[in-house]
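The chain below stands alone, shown as structure tokens; this is the form predicted on its own.
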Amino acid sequence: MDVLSTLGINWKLFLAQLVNFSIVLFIFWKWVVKPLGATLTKRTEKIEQGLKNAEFTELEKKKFEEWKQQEMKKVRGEADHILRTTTDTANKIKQDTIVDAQKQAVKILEQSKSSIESEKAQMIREVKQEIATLVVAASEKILRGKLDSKKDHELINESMKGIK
């Protein structure tokens, strides 16, 4: 104990201060350091979990973007197919309509020709009847008035005027 006395240390006081320091250290450790450490550990865990969630969210976002791009390609392909099909169908309908219209035009033309031919034949029959009637009338006039050649010429001219 001489060494402590030469250094000017009172060993009783030193021991009391050591016990006091131990009590203060124990209290500080129990109520300050441990709760603070637990709080810091929890906060660290929350931060790490947040980073993991952010990475997971980023990964899910990339997957979703890839899926969205694939779906958009698929939808565009289907839309193009539908558009091509619709255009082809419209063109086919257009061609069919044109062919039908041409057939109907030919049919109407043939009907018109047939109608014109029958009307022409009817008119020719009527004209023949009219000519026959005129010839009979002219013959009748000639036979009644057959007195001289001058009278014949007058009757022929008169009959011809009626035909024109």
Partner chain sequence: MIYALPPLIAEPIFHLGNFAVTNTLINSSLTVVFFFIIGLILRNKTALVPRGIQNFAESILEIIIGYLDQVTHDRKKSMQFLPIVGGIFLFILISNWAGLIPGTGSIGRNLLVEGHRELVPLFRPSNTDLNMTLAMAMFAVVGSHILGIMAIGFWKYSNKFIKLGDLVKSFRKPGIGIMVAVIEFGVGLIEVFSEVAKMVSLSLRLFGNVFAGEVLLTVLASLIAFLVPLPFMFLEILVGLIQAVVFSMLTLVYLTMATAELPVEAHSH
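Positions refer to the first chain, counted from 1. Between two forms, the rigid core is the largest collection of C-alphas that superpose within 1.5 Å. Quick caveat, the model's predicted, so the values are computed rather than measured.
What follows is about the form predicted in complex with its partner chain, which we do not show.
Contact with its partner chain in the predicted complex holds for none of Ile116, Gln129 and Leu143, as no heavy atom of theirs lies within 4.5 Å.
With the partner left out here, its partner chain still marks one of 31-39, 92-100, 63-71, 49-57 in the predicted complex; by a 4.5 Å heavy atom cut-off that stretch is 31-39. With the partner omitted from this view, the residue of Val136, Ile27, Val106, Ile124 that lies near its partner chain in the predicted complex is Ile27 [heavy atom within 4.5 Å]. None of the heavy atoms of His153 is located within 4.5 Å of its partner chain in the predicted complex. Interface membership of Lys120, defined by any non-hydrogen atom within 4.5 Å of its partner chain in the predicted complex, is ruled out. The shortest heavy atom separation between Thr6 and its partner chain in the predicted complex is within 4.5 Å. Using a 4.5 Å cut-off on any heavy atom, the residues of 10-25 that reach its partner chain in the predicted complex are, in sequence order, Asn10, Lys12, Leu13, Phe14, Ala16, Gln17, Leu18, Asn20, Phe21, Ser22, Ile23, Val24, Leu25. Glu117: CA moves less than 2 Å between this form and the one not shown after rigid-core fitting.
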